[in-house]
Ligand SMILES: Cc1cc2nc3c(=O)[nH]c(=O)nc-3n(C[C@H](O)[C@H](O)[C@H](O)COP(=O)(O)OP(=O)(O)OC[C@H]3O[C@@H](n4cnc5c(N)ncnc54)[C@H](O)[C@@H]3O)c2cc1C
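Shown below, as structure tokens, is a lone chain in the form predicted on its own; questions about how it binds or moves come after it.
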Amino acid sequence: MNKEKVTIVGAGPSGLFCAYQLLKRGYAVDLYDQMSGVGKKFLIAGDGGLNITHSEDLKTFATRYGKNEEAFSSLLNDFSPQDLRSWCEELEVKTFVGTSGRVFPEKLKAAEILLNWLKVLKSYQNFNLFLKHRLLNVSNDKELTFEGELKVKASTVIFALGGASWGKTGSDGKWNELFENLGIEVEPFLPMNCGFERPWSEHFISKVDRTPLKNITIKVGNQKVRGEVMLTPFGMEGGGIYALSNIIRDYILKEGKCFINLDLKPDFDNETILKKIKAKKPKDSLSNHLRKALKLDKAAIVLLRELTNRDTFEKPEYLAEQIKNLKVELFSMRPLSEAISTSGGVSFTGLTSDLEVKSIPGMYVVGEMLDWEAPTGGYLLQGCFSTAWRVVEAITK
């Protein structure tokens, strides 16, 4: 056993993974968290099916991190999606690749995985877990002050405090002032993987409430994805929107609004759609015909009527064009607290390539509190694990 102790603040996936790897290498670990239990956001995120990572090639994977593509290309090479799956095996968690390329646990749920994880950590005598310890202050000499006037002088400290979304899980972003007081550059938090707002008519809201549009194409500028959009009383959200949320958000911040274009039938060209529309029998209503001939569901038809010209709606040429290229105007983001993740956080410019604070040797930053962003689909968790691995490797060199 190495006598050196590492202090970790934040018991989400990044902090827990750092603890696991350091204990395995003989270090003593003291892990602090302000909540009553560990991995609160991990548990909520995995409630509907835990998406651990993605199976796509590393070059494509790195592009999901946008402006940080180069940094994450290096991080993913050091700790790849396959490395993450292999580590899951250590916890007796077998994984599989879904039809979308996303990676999921075969059987175990998030709570069961976390239980296995904690069991391993607690098997080490040199591991201490301190829950309900809110961080109040950090000094330049790495003295940490927690609620109750507890002061801890750390020789090596890893901060894994999360972003600023889902505050009820402990990921509240309140640490940003503490870091700014140390002269560490922190970029403002912005919502990522979030919903967007636009006004609907009362008729639309009464007909469509949290209804999905499946297997459509969403385009913003020159970026296009295929996925699902959830129609809500406030506007739109869902996987397809999340994948483009940083682009939509940036348009709104710059111009006050953003136009997105929906292709409701991406597998049909305009000519095919027009032909099917014109085949309507006189006795059929247009809505019934669209459901039968084009397999458009009720929500898609209600959306078309909401956003198109009522006087020309029944003209086949116009309707075909709208089905292939329906313009939707979005005006604002949903609140930061509702976002799945956030952009912003500790800037990479103040850190070494090992994610060590340049001005305070021995202080490291990992996970979502770093200034990076990624869509859902396994990229967020992978980013947390890969940054954690980088820091553990730096400490144990």
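Numbering starts at 1 and runs along the sequence shown. Remember, predicted model here, so these are calculated numbers, not experimental data.
The form predicted together with this ligand exists for this protein as well; it is not shown, and the discussion that follows is about that form.
Contact annotation: of the candidates V357, L330, V29, A45, the single residue with a non-hydrogen atom within 4.5 angstroms of this ligand in the predicted complex is A45. When this ligand is considered in the predicted complex, only one residue from W200, F72, F79, W166 comes within 4.5 Å through any heavy atom, namely W166. Of the stretches 91 to 99, 302 to 310, 134 to 142, 200 to 208, only 134 to 142 has residues with a heavy atom within 4.5 Å of this ligand in the predicted complex.
Residue contact with this ligand in the predicted complex: K41 places a heavy atom within 4.5 Å of it. In the predicted complex, this ligand lies within 4.5 Å of some heavy atom of W175. With a 4.5 Å cutoff on heavy atoms, G195 does not count as touching this ligand in the predicted complex; it lies far away. This ligand is not shown here, but in the predicted complex it comes within 4.5 Å of a heavy atom of I340. Annotation for 50 to 74: interface residues with this ligand in the predicted complex are L50, N51 [heavy atom within 4.5 Å].
Compared with the form shown here, the Cα atoms of L108 and F127 sit 3 Å or more farther apart in the predicted complex.
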